Structure formats: structure tokens, C-alpha cells
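One chain comes next, on its own, written as C-alpha cells: the form predicted alone.
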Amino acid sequence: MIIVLMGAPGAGKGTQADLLSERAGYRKISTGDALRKHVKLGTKVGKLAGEIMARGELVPDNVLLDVLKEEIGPKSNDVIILDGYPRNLAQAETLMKVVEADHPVRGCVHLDVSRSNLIARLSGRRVCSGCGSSFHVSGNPPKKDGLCDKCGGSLYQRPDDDAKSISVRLDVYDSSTKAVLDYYQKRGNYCKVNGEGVTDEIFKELTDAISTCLN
């Protein structure tokens, strides 16, 4: 069973997906992580995606879907938290057709965060150059300034985390994902969760929303 976790950049999807995996035992699949893994392993689809990314192009929907199918795997009783997919209406519709038989999409949970809060979160984000872990200069600072708590790698600010770039990214997100949210609302399996506040409180609301979708 699949739960689609939606939210704008900076909404905290990655953090909450990790907690859902660690505490609730759900299986997390991030399309970004999956892409990087397959490229690194040199799988057939990974080689194709790597060639596309090396040219500076966006990975097309059909290749992204192939990566996703590899990660989802055969039919199982797992509850899968899907982070980062679908990003547009075409992907949402294709996902339903391709995996519905073995992995029905039981719900879409939307982490809702105000634009001003998203900008504040993203502009203060720092990412580990080694393992990719995220920190925040005020909300979740590393124990040692500039160094990752997990692997000791150096932290950096992503080029697209400056205020101007953030605003553009949020505009793109809004324009591409509104149709996705509408799609799940019309299907009757959409739920919105307040993504602002204490991490554990957000986690509690998320688990309650997911339980409702699954039952």
C-alpha cells in the first residue's frame, strides 16, 4: 500500500518520512535518493538516468517511473511512504495505472506550511557534502559548526537555497502540484496536515492521518 507524502520544498517531508520509517516501520521511498542510488550502482536504468543528468537535463517521467518501479518491487504488505513523487498530474495518473494491482495508493497526505515559513526554513538549510543529511542554522544546528553530526562531512548551502531561487522554486511547485492535490481530493483520499510546529506533534498528526487512509 502506498501513501503519497506531498509538501513544498522545505515542508519537512524528508524529516517526517525518516521518522515514519524509524518509528512506525513504514518503508520510505524517495525518488531523489532512488535516482542517486541507481546511478551509483550503475544499474540499467541508473546508467540511463545518469547520462541524462550529466547533460544537465531533467530525468523524464518514463525513466523516473522505471526507477520507482525498481524500488517498489513485487507485491507485498508493506506500507510505502512515497516522498517526491508524483510531481505533476501525469505522474499521479500513471502511478495509479502502473502499481494499483500490487500496491494500491491509499492516500495523499499533504504537509501544509506557509510560504514565509518555507522561505525561512530553506534559506537556513545546510546540507552535508558527504551523506546528504540536512541541518538548519537555527532550527536544527549541527553539534560542531559546519560539520555533519552523522559522518563529519562539511556542510554547505545549496545554490538554490537563496531567497530569490527559493521563491522561484515555490512558484514552480505551486503551479505543478496544485493539479496533483486536486486529483487526490476528487478521489476522496486526500488529507492535509499542519506542517508547522514541533516535529513530534507533526509526526503524531501524520501517523493519525495515515492510519485513517489505511483503514
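For every residue, the number given is its place in the sequence shown, counted from 1. Being a predicted model, the structure only gives us computed values, none of them experimental. In this text, the rigid core denotes the largest set of C-alpha atoms whose superposition between the two forms falls within 1.5 Å.
Only in words, not in the display: the form predicted together with adenosine-5'-diphosphate (ADP), which the text now covers.
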Can any non-hydrogen atom of G56 be found within 4.5 angstroms of adenosine-5'-diphosphate (ADP) in the model of the complex? yes
Using a 4.5 angstroms cut-off on non-hydrogen atoms, would S134 count as touching adenosine-5'-diphosphate (ADP) in the model of the complex? no
Consider R36 of the chain shown here, and say whether it contacts adenosine-5'-diphosphate (ADP) in the model of the complex, taking contact as heavy atoms within 4.5 Å. yes
Even though adenosine-5'-diphosphate (ADP) is not shown here, does G84 get within 4.5 Å of it in the model of the complex, heavy atoms only? yes
Heavy atoms within 4.5 Å of adenosine-5'-diphosphate (ADP) in the model of the complex: which stretch among 73-81, 86-94, 101-109, 137-145? 86-94
Residues of 3-23 having any heavy atom within 4.5 Å of adenosine-5'-diphosphate (ADP) in the model of the complex, listed in sequence order: P9, G10, K13
Quick one: core overlaid, is A92 moving 2 Å or more at the Cα between the shown form and the other one? no
2 Å or more on the CA of P104 between the shown form and the other one, with the rigid core superposed, yes or no? no
Given a superposition on the rigid core, I'd like a yes or no on whether I80 shifts its C-alpha by 2 Å or more between the shown form and the other one. no
